[in-house]
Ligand code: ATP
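Before any questions on binding or motion, here is one chain by itself as structure tokens, the form predicted alone.
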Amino acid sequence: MLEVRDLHVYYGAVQALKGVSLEVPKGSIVTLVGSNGAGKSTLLKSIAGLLPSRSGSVWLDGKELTNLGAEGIVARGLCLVPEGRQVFGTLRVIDNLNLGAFLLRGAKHLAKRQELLEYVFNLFPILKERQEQYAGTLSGGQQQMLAIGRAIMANPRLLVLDEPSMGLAPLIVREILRVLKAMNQQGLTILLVEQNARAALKVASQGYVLETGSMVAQGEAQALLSDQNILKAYLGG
């Protein structure tokens, strides 16, 4: 479904990604792990059209995304949940969710927007309860739910998440990962960058390991979990 081919990304003269390639098959959860500063967020931003690449390409369902820009990429069905949640704190929960559906404007999309909203409320009932509350007053876990819900409102076929467990209590992390697994079982393809590498690999079918801008390992998630070198270097084993 998603193919990243030989991607090179720079910040000025500093090369952040060095010929990175990966694939995310349709219907899968693929996780990307690596140390802080490895280039994981850079890769996701480049995939989502927020950061230009110097060379290489990004493809979704056989169509190139590389030069479309962020809005065009969302329209193609790829949506990023950014690191740090980045909800609009001075807007209500319902306003944040409706902003996620900005491409589904007009009366002809009203039924689809309502369907997506009910889906989000079924995934995260707390958002329905607090839909009139300002987003900035939510807990960290609730804001992460809102960030995911806002992305779902764009009706993606591929959901890309950057560190959804950051700063959250273990109980909330388990709930977030449970919801991601449930969405995947309903057909949503997911690319996940996660600081909790063990937990991410447990819900994923495949994994990649990024180090200083280069892919250093890839394979089935369970195989990576049992690899002693990977355990010692990246999973605290």
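The first residue of the sequence shown is number 1, and the count goes up from there. Predicted model, so just to flag it, every value in this text is computed and none were measured.
Absent from the display: the form predicted in complex with ligand ATP. The rest refers to it.
Visitor: With ligand ATP left out of view, which of Asn196, Thr189, Thr42, Gln206 would have a heavy atom within 4.5 Å of it in the predicted bound form?
Guide: So the residue touching ligand ATP in the predicted bound form, by this definition, is Thr42.
Visitor: Identify, from the list Gly62, Pro170, Pro52, Gly37, the residue with a heavy atom within 4.5 Å of ligand ATP in the predicted bound form.
Guide: Of Gly62, Pro170, Pro52, Gly37, the residue with a heavy atom within 4.5 Å of ligand ATP in the predicted bound form is Gly37.
Visitor: Using a 4.5 Å heavy atom cut-off, indicate which stretch of 28-36, 197-205, 177-185, 52-60 touches ligand ATP in the predicted bound form.
Guide: Selected range: 28-36.
Visitor: Can you check whether Ala16 is within 4.5 Å of ligand ATP in the predicted bound form, heavy atom basis?
Guide: Yes, Ala16 sits close enough to ligand ATP in the predicted bound form that at least one of its heavy atoms falls within 4.5 Å.
Visitor: Taking ligand ATP as it sits in the predicted bound form, is Asp95 near enough to touch it, meaning that at least one heavy atom pair lies within 4.5 angstroms?
Guide: Contact with ligand ATP, no.
Visitor: What residues, if any, in 62-83 have a non-hydrogen atom within 4.5 angstroms of ligand ATP in the predicted bound form?
Guide: The stretch touches the partner through Glu83 alone.
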